[in-house]
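We begin with a single chain expressed as structure tokens, specifically the form predicted alone.
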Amino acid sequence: MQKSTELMFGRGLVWATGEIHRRQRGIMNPAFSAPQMRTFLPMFQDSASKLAQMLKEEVIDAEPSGQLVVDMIGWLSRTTLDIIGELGFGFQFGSLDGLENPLRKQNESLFIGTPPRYRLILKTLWYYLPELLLDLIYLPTPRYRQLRRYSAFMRNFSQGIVERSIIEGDGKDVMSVLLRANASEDPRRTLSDIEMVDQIATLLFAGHDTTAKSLTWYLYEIARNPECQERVRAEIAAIRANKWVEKLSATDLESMAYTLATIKETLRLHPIVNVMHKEATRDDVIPLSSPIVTKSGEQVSSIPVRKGTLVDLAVGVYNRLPEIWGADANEFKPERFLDIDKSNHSNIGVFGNLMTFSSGPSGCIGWRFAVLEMQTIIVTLLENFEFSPPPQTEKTRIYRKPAGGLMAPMVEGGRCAWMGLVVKSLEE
């Protein structure tokens, strides 16, 4: 599994474990602090406004009725790519402007279709092959060749980004902040040149496609629950009524309790990474919150694991456990986050007691970036548009399917992610 991760992202933060992970994380933390994230809000707002304006001009106004079935995932993917390009590396992708770039094509190719069974079998074999052997052998599968091409492309692309950031030096983007944090003369407190380059592939993945798909699932749930959609819109209007300026502050967004609850509920029901793979670095014992009974009738309250044991963390299962979330855990119910029973609150994740952003030392370093970005785009879209499901047919019915390691919305038989929603402009 670590070799597959290295092929996609190099030796960046997602790949790193143990002491390497602690060192990389410590150096990168300043670039993702809460104060740093707040400086990004104007860019989030500008990009969200640009998305709304283009939806009106190029999609909605083209239909006399003022509403149209729109594949929202494409629009959101282009928006989040532009955002991570500018805020992550000071790079202008121009995706919303229709500019084509090789990186976007490379990135999109990673998330096409559900993997065939033979690929799953071959991937399982990777667990049992030494890493050095995997570096030397050639696996004759389309996916392996695709990962190799992506890895080579990203190394070249990222090297150029780092070199430009070093020359400019005073940028406010994540990479510039990271380079300044990496200025220590102590090699134990710095990233190597390769590690610095490989963080870019990690940030592009974590700050682009994952957020776009999360936003897509948000619109899906809001479209299916119009009363929730209206309540969010009313909360935004109430905040606006007390403002003398056009743009909302980070404090304004944080005060929208119900809107935040709908975001948490979406991330609970639709974690983009459904399973996280871990490997025990030492012998340990995993305690269970509730005892289980084995097939032999033995009651077990803990599970011993040996060093090297592979452990799959079922994020989607935890996020829907009735013991944590109630008997209605499979329903979209944002209110569950407004009146939390503290006696049954486990505080596992970094956000909303969810496993969606992982937890502990491996918790997603960019979760604040993702949440603030989602808040900003959601507020802008719901102020300008009404979303509803299209007529339900086999061509429009949405399913959650794995695509390149992410849970994507797809129609039956589709190879690419698709989320068609009826979008209606709220302008008179």
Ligand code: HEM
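All values derive from a computational prediction rather than experimental measurement. Sequential numbering from 1, following the sequence displayed.
The same protein also exists as the form predicted in complex with the ligand; that form is not shown, yet it is the one meant from here on.
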Q: Considering the ligand in the predicted bound form, find the one stretch among 323-331, 206-214, 299-307, 249-257 with heavy atoms no farther than 4.5 Å from it.
A: 206-214
Q.
Just to be sure I understand the contacts: of V70, I398, I377, A370, which is the one whose heavy atoms reach within 4.5 angstroms of the ligand in the predicted bound form?
A. A370
(Q) By the heavy atom within 4.5 Å rule, which residue out of S165, T262, S358, S77 makes contact with the ligand in the predicted bound form? (A) S358
(Q) Against the ligand in the predicted bound form, would I200 count as a contact residue? Criterion: heavy atoms within 4.5 Å. (A) no
Q: With heavy atoms only and a cut-off of 4.5 Å, decide whether M276 touches the ligand in the predicted bound form.
A: yes
Q.
in the predicted bound form, is there a heavy atom of the ligand that lies within 4.5 Å of any heavy atom of M407, even though the partner is absent here?
A. no
Q.
How about C364 - does it come within 4.5 Å of the ligand in the predicted bound form, if we only consider non-hydrogen atoms?
A. yes
**Q.** Triple contact flag L219, R415 and V423 to the ligand in the predicted bound form, non-hydrogen atom at 4.5 angstroms
**A.** no
Q | Residues of stretch 31-52 in contact with the ligand in the predicted bound form (4.5 Å, non-hydrogen atom) | A | F32
